[in-house]
Structure formats: C-alpha cells, structure tokens
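To begin, one chain is listed below as structure tokens, in the form predicted alone.
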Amino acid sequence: MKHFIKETDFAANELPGLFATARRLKQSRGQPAAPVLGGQTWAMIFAKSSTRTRVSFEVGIHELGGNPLFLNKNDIQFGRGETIQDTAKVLSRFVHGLIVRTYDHEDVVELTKHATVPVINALTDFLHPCQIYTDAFTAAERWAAPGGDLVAALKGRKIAYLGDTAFNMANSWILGASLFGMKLSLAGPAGYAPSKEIQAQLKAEGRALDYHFTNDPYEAVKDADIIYTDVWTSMGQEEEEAQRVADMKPYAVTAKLFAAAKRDALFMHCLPAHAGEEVEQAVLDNPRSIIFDQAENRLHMQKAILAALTVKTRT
C-alpha cells in the first residue's frame, strides 16, 4: 500500500507512467471509463476550506466510479475528541482511502502510521504535493512533443518562485524540482527564506540543497521558464497580514518583472489570486498565464494519483 504525503512518495521512474495516465484521463474525459474506484468510498477530511481541491477530488472520485464522502473537521472527532491514531483505525474499517487537507503536516504523517488504506495529502502548512504534480503536468503539456514523455520535458527547465519561500508551496517546489530535474530559484525577504524543516527533509532523503535563494526578484527570474507566486497570507496567518504585505511588496509579480524572464516564460499561480498584491492583474490576464489550465488539471492529475493508489481488496 502506498500513501501520497510528499512529492517524493512516487519514485522518479514512476512519474512518466503517472503523468501519461493523467494525460489519457484528460483526453478521454466524457467517454465511458473503467470504474477504477468502483464500489469504493473515499473520505475527504477538510480542516481548511477549498474550492479547487474539494471540487476536483469529489468530481474525480465520482468519475472513477467511486463515492466521495466529505467530512468537515467539525463533523468528526479528528484530533479533538478522539486521537488521530484511533480515527485512522476506525475510518480504515469504513472507507477505501483518506484525503486530508489540514494545517499540521504531522497529523497527516500520523494518519499514515495507523491507517490501513491509502492517505493523500491534499495540503498541509508544510507541503502541497497534489498541486505541484499538477503544475509540473501543466507546464509539461506546453513543452512536450505530442505523445512525448511529459516528465522528460521538465528536465533542465527553470522555475522562479517569488514571495513566501518558507511555506508549503515553496517547500513543495523545492522537493518537486529536485524530483523532476528542474532548476529552482526562490526570491523573498530574508525572514521568509527556505525553512530548516525543508532542508532537513532534503537531507533525510539524501537530496542536495539544490536551489538558489536571493533577495533580488530580478536575479531570480533571469532566464526562468516559469514565474510562480502564491498569496502572501494563507489560512491561519491572518494576524500577520499587514506585516506580510509590507515585507513582500517588492516581490510582487508585475508586468515589468514578468518581462525580465524568458520571452516565452509561463506565469503560474495555484489560486485564489489577490490581484494587486502578489501579482498584477495584467500578468494574470497575459496570454502566457496558464492559471486556469492549472486549476483544470487538478482534476486529471488527482484522478491519476487516485488510480495509482487504489487498493482493490475490499468489496
């Protein structure tokens, strides 16, 4: 049984097949499909609200023949009236998989230690692996030859990430770029540099600290194939918003900054975007902005992940 908690839970040699499955599922959507999750129920435990994550997983499970069971944090005793260990054991008796979107990454790790069904990380404050796989797939669609190896199309490409480089999306790109063979440059204020936790994760996996951090956004975007940013204040950080906006204003993706990257560079954002803060509206509207392709592809990539993790042992 396999879980998907971090980007490197799939080995590099598994990625071409996984990405090819996502492409096939995308191209064949609307046609009769094999009920990969036929007769299965997957529980979706959400401590953080969402648009794209919830809808894409619910629709994806349904399209694969399964039943999505949405559980708000207030619907169950997750980490409150019941231990995570007991929750994992109980839910494993009922459902065929767990999809968890929460704050503390260690809660998801704890679930994997006791669940007897696959667990998918749908976002924590430390990592967002479903988003990174989707983003890599979305960029590769633009670069790969028709029918070609999508993962191979990523190798050597440079991504520049701007803003809070100590939070989940930056952490995930640090792991993901290492896995995909991409170059990564991060730009942000000194107080938001890549964390000790992600550095420890790289070392634990025997991966080099192979990224560049700078306080100069123009240095980061030079020769970049992708310019990426995210909101400056995530759920749970609302009290810090004023300070964060002030600290990160120099790292906003303006049309001028976007133009300093490669002429054919792509703009990416995992959404929702706050136009006028981390990115100008003109960049969001640029023809090379592929933010809505990213949003759509959450469905197809997550269906591929679900299919890869499915355990067909219970009726």
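Computed from a prediction, not measured in an experiment: that's the story for all the values here. For every residue, the number given is its place in the sequence shown, counted from 1.
The next section is about a form of this same protein that is not shown, the form predicted together with a small molecule.
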Q.
Just to confirm, with a 4.5 Å cut-off on non-hydrogen atoms, which of L271, A33, A246, A275 contacts the small molecule in the predicted complex?
A. L271
Q. Of the listed stretches (246-254, 33-41, 275-283, 50-58), which one has a non-hydrogen atom within 4.5 Å of the small molecule in the predicted complex?
A. 50-58
Q.
Is R298 near the small molecule? Define near as a heavy atom within 4.5 Å, in the predicted complex.
A. yes
Q. Should Q131 be classed as touching the small molecule in the predicted complex when contacts are defined as heavy atoms within 4.5 Å?
A. yes
